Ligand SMILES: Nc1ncnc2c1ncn2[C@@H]1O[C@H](COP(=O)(O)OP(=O)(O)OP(=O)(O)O)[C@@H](O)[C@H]1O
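Given next, in structure tokens, is a single chain: the form predicted on its own.
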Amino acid sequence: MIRVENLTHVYNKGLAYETKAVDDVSFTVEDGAFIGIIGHTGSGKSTLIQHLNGILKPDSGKIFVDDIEITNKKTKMAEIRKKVGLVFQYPEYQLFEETVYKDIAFGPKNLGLSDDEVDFRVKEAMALVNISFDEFAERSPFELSGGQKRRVAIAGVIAMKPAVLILDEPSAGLDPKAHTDILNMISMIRKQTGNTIILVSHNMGDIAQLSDLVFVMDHGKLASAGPPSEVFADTAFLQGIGLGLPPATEMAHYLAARGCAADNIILTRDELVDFLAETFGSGGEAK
């Protein structure tokens, strides 16, 4: 479990362009939860998540991981970073080893694990991100496609076996197929590991599809938090802070304005398809 209490982080403190990137934010992430974090550019999303494994230190406030206060100067952050894995945006830029195997094995080796355990973890992580061990283990990561490189980079974090996996815009810049592959990968990781997952994304459809809870950041503050059905129902609020709706929800609003309203909020493509099939059937006319 992660508990954040009154977290504040200030950039350029004391200067004319001082900025509160995170402003008195508090929340709890329960074990096994899937949290989606949304917000306009500059809302504080990335700054917030970089506090959760100690990369950034707050100006005030506290963070607890499994009741260990990681904001305490005496806390050994190496142990916390085994629990909380962070995948930065465009993680493929951090690949550096000569083979895929060595890149994924780098973190586990630094934990002092046996060769057998390292080998097991590499194979397990590659399976979770749907990269064939036999086909790719000895290949250079720089020969792979953009989507494959990203999955290899994510596998390197997964191989550390963190209890919490934080992903910052994991599908940014990818083509539609690679985007879908990343979403399927995230779903598989959650299903097979039961990890707590925190996903930062500008893609409202991804957040609606995957998240149990949605946190909305606005100008450094946690402006809203709740299940996707509640957060995305408040259209005026989201539009007021420069955010959109999931594509399926936008289409449902379009249909509702033309007299074809659903009983409940529609968030995902599958829900929209089911609604259209129920409403219009196969003949294309409303029942």
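Because the structure is a prediction, the values reported are computed rather than measured. For every residue, the number given is its place in the sequence shown, counted from 1.
Below: the form predicted in complex with the named molecule, not depicted.
> Given that the partner is absent here, state which listed stretch (66-74, 241-249, 41-49, 223-231) has heavy atoms within 4.5 Å of the named molecule in the predicted bound form.
Result of the contact check: 41-49.
> I'd like to know whether Q192 contacts the named molecule in the predicted bound form, with contact meaning heavy atoms within 4.5 angstroms.
It does not: once the named molecule is placed as it appears in the predicted bound form, Q192 has no heavy atom within 4.5 Å of it.
> Answer with yes or no whether E92 is in contact with the named molecule in the predicted bound form, where contact means some heavy atom within 4.5 Å.
Taking the distances in the predicted bound form, the answer for E92 is no, it never comes within 4.5 Å of the named molecule.
> Using the partner position in the predicted bound form, report whether T19 sits within 4.5 Å of the named molecule, counting heavy atoms only.
Yes - in the predicted bound form, heavy atoms of T19 and the named molecule come within 4.5 Å of each other.
> In the predicted bound form, does E169 come within 4.5 Å of the named molecule, counting heavy atoms only?
Yes, E169 sits close enough to the named molecule in the predicted bound form that at least one of its heavy atoms falls within 4.5 Å.
> Taking 4.5 Å between heavy atoms as the contact cutoff, choose which of R81, H202, K109, K149 touches the named molecule in the predicted bound form.
Going through each option in turn, the one that passes is H202.
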